[in-house]
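A single chain, nothing else alongside it, follows as structure tokens in the form predicted alone.
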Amino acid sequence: MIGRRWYTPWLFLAPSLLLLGVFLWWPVLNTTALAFTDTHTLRGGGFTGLDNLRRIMSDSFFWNALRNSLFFTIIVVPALTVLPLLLAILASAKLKGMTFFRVVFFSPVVASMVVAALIWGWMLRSDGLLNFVLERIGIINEPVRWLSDPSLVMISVAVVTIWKGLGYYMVIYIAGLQNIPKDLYEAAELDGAGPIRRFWSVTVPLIRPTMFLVGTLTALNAIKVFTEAFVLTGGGPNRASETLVLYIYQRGFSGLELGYASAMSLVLFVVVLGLTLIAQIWTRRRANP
């Protein structure tokens, strides 16, 4: 009797499938359909074929936003791949106060990105805390325009992302470090290897899969950055910190061009999918040389 109730598993899955359908599948399908229209919030729209994609190719603001997103990714990925590993090694040491150390570096993770961006926005203002401290200790003579200088603004936004992500990726590295056999460190130490040599010869080779995972996650999140740029600068000055997702948001919700914003979202999806496929291919080649 029980075997005939083929629908029983589907009853358990139904609530989750319903949520996925409403908040994932339907938006994806709807966005894909809108990408090929000139839909406007106030006047509707109709099918336009590939017109939106042609418009993207000649949209200088789109390419500027894509460059900003890629530049942001280039800054964030190496930092959030290497620094959390160093913190994880330090946090794994059996020293007094390491529990407090872990809590301090993980606490930004549980904070909202909006809250973190607001705090950093206050610190990075021309009359903010950072400039005040740097002037007091004699490093600078006049305030640095962290958020209003086009050459510094993306670096400043990246610092917020790095600060908030350090603790999260540190925990991932700690889990990876715990899987490295202690015998390897003991054998290397008996062979006369110092701490730096043990790091390069034992830790790095065995932690490399975790490093690749962290790098991939960081890259996928960085290319989609939105909140930091939106809260800190709104894309300014002069679009110097306007990321791709922020530009899509502005065209869709401020410009009310839902069709065009959907087309750019589709392009962003292709970019993210491409990065994911490259990461998977690279991983398989490393696993099966």
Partner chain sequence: MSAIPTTPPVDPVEAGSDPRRGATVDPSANQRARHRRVLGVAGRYVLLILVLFISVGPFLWQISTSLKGPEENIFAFPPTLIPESPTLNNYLAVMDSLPLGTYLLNSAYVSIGAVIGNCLFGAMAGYALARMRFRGREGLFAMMIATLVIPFEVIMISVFLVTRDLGLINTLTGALLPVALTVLSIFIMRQAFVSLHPEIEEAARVDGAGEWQLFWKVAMPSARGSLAVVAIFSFMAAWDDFLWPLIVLRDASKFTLTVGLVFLDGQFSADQRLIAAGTIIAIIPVLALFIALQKQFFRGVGQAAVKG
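Numbering follows the first chain given and starts at 1. Not measured: the values here are computed from a predicted model.
One more form of this protein, predicted in complex with the partner chain, exists but is not displayed; see below.
The putative spot formed by Ile56, Ser58 and Leu206 is not touched by the partner chain in the model of the complex; no residue has a non-hydrogen atom within 4.5 angstroms of it. Here the chain stands alone, but in the model of the complex its contact with the partner chain, taken as any heavy atom within 4.5 Å, falls in 252-260 among 234-242, 252-260, 44-52, 60-68.
With the partner omitted from this view, the residue of Leu177, Leu184, Met211, Val171 that lies near the partner chain in the model of the complex is Val171 [heavy atom within 4.5 Å]. When contacts are judged by a 4.5 Å heavy atom cut-off, Phe226 counts as touching the partner chain in the model of the complex. Though the partner is left out of this view, Ser201 does not reach within 4.5 Å of the partner chain in the model of the complex, counting heavy atoms only. Interface residue remark: Arg145 is not counted as part of the site for the partner chain in the model of the complex, having no heavy atom within 4.5 Å. At the 4.5 Å threshold, heavy atoms of Thr37 stay clear of the partner chain in the model of the complex, well away from it. Applying a 4.5 Å heavy atom cutoff to the partner chain in the model of the complex picks out Glu189, Leu190, Leu213 from 182-217, in order along the sequence.
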